[in-house]
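Below you will find one chain, with nothing else, as structure tokens; this is the form predicted alone, and questions on how it binds or moves follow later.
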């Protein structure tokens, strides 16, 4: 549904987006991550036809955004960082105005039903007669999402859609975005990493204008962890570190936590070496009660930091 090939955007000597390539399948929700200034918003603006690229190609719903911009825009809904509202219009007036621009020819009954539908989806019915300029930031975000949906686009490009929302509104917006996946293809930019883990099937991580990873959170965890890690909790105060360290294939063991009568260990093993059975046997034969044994996964925060900081360290070494 979206294909980006070697996309580059330069401002004089500064390169904001540097040879970016990725694909988004139909119905997929893709998380677009990166630190401030990484090039996320610039990439999204190019995808939506808001600005041209210096080099490269972007195709949305089968249409090149440079050679067929009108057709690509017809199939795209865009929520920028700052929702494009007219402060003197009421919410209903604004959505009616936007529907005339985006939704083509409809009779009045069809248009009214379309507006009611997007207001229900985005939970803004109670603000229908409120001037956009008098809305809270959270409601402005929701009205911005409603205008992106008004023409029922195949593709949604959402730049920080939960910015400024309270926790309840964030949960409602996440639920809405998840419900739109499948019928819409969604690219979601955010700084809130748990939001990506809870909403998106795949992740693109961008840093200093370059893509540093494209994969599912699970696959990124597997690739970056390298060695496998287990969390083992045993009963009793005795130290099991030596016994666990002696297991073939175990690289290192450290105590991760202690609580009343229990000790937790992080056991790191060689890549592709499954030591769970040997760990369980060692604990039982040692007379410790086995309370818990589970694989440990890197969090999305750890993945993000490892990718972005390792790239910067690599640049420093070769700079």
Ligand SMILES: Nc1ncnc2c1ncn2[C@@H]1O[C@H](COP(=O)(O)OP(=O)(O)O)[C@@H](O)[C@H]1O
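As the structure is a prediction and not an experimental result, all values here were calculated from the model. Positions refer to the first chain, counted from 1.
The same protein also exists as the form predicted together with the named molecule; that form is not shown, yet it is the one meant from here on.
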For a quick test of understanding: in the predicted bound form, does each of 240, 242 and 262 have a heavy atom within 4.5 Å of the named molecule?
no
Among 279, 38, 30, 47, which has any heavy atom within 4.5 Å of the named molecule in the predicted bound form?
38
Even though the named molecule is not shown here, does residue 307 get within 4.5 Å of it in the predicted bound form, heavy atoms only?
no
Contact between residue 269 and the named molecule in the predicted bound form at 4.5 Å, heavy atoms?
no
Give a yes or no for residue 16: in the predicted bound form, does one of its heavy atoms lie within 4.5 Å of a heavy atom belonging to the named molecule?
yes
Only one of 288 to 296, 57 to 65, 249 to 257, 30 to 38 has residues with a heavy atom within 4.5 Å of the named molecule in the predicted bound form, and that stretch is 30 to 38
